[in-house]
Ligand code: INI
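Have a look below at one chain only, the form predicted on its own, in structure tokens format.
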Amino acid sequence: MPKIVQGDHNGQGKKFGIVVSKFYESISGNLLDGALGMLAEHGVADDAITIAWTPGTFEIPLVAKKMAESDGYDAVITLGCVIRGETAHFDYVAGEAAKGIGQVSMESGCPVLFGVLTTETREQAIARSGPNSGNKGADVAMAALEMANLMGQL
């Protein structure tokens, strides 16, 4: 019978870095609230969380890299929002943020979770960051807990 490993959601003793974009701060702040609530619900101590604010989403990968390479965190959560406008700016920012975040995770060996909303409208972003249903910050925090525990078993 094969050995099966999977992470659980126990946050006790785990440390997390959270990188949050200030651009669309009300939306990012809601994502952060969701992530912090989920981490606390699963036993992560307040002093085991470091939050770093970046000016925008494009800057998230560099800060995530610094955290991931520090060996001080079991996982790094990235949170932000890019809303499509009338120019190609959305494509560049969203694409480079996604690529950079994924690259940091692969190169560092530390789970770096993608919690950047990429929406067509502000209304979609608000719906995905609200407290009532489907806060993607909370979803990403759950994935971070699971990945942190999974990596500890490998």
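Each form is matched to the other, and the largest set of C-alpha atoms that superpose within 1.5 Å is called the rigid core. Computed from a prediction, not measured in an experiment: that's the story for all the values here. When you see a residue number, it is the position in the sequence shown, counting from 1.
Keep in mind that the form predicted in complex with this ligand is not shown, yet the notes after this line are about it.
Residues of just one listed stretch (64-72, 49-57, 102-110, 32-40) have heavy atoms within 4.5 Å of this ligand in the predicted bound form: 49-57. Among residues of the shown chain, residue 121 is not one whose heavy atoms approach this ligand to within 4.5 Å in the predicted bound form. Using a 4.5 angstroms threshold between heavy atoms, residue 98 stays clear of this ligand in the predicted bound form. This ligand is not drawn, but in the predicted bound form it has a heavy atom within 4.5 Å of residue 21. With contact defined as any non-hydrogen atom lying within 4.5 angstroms of this ligand in the predicted bound form, the contacting residues in 89-103 are 89, 93, given in sequence order. Once the cores line up, the CA of residue 55 ends up less than 2 angstroms apart between the shown form and the other one. Once both forms are fitted on their rigid core, the CA atom of residue 106 lies less than 2 Å apart between the shown form and the other one. Superposition on the rigid core between the shown form and the other one places the CA atom of residue 120 less than 2 Å from its counterpart.
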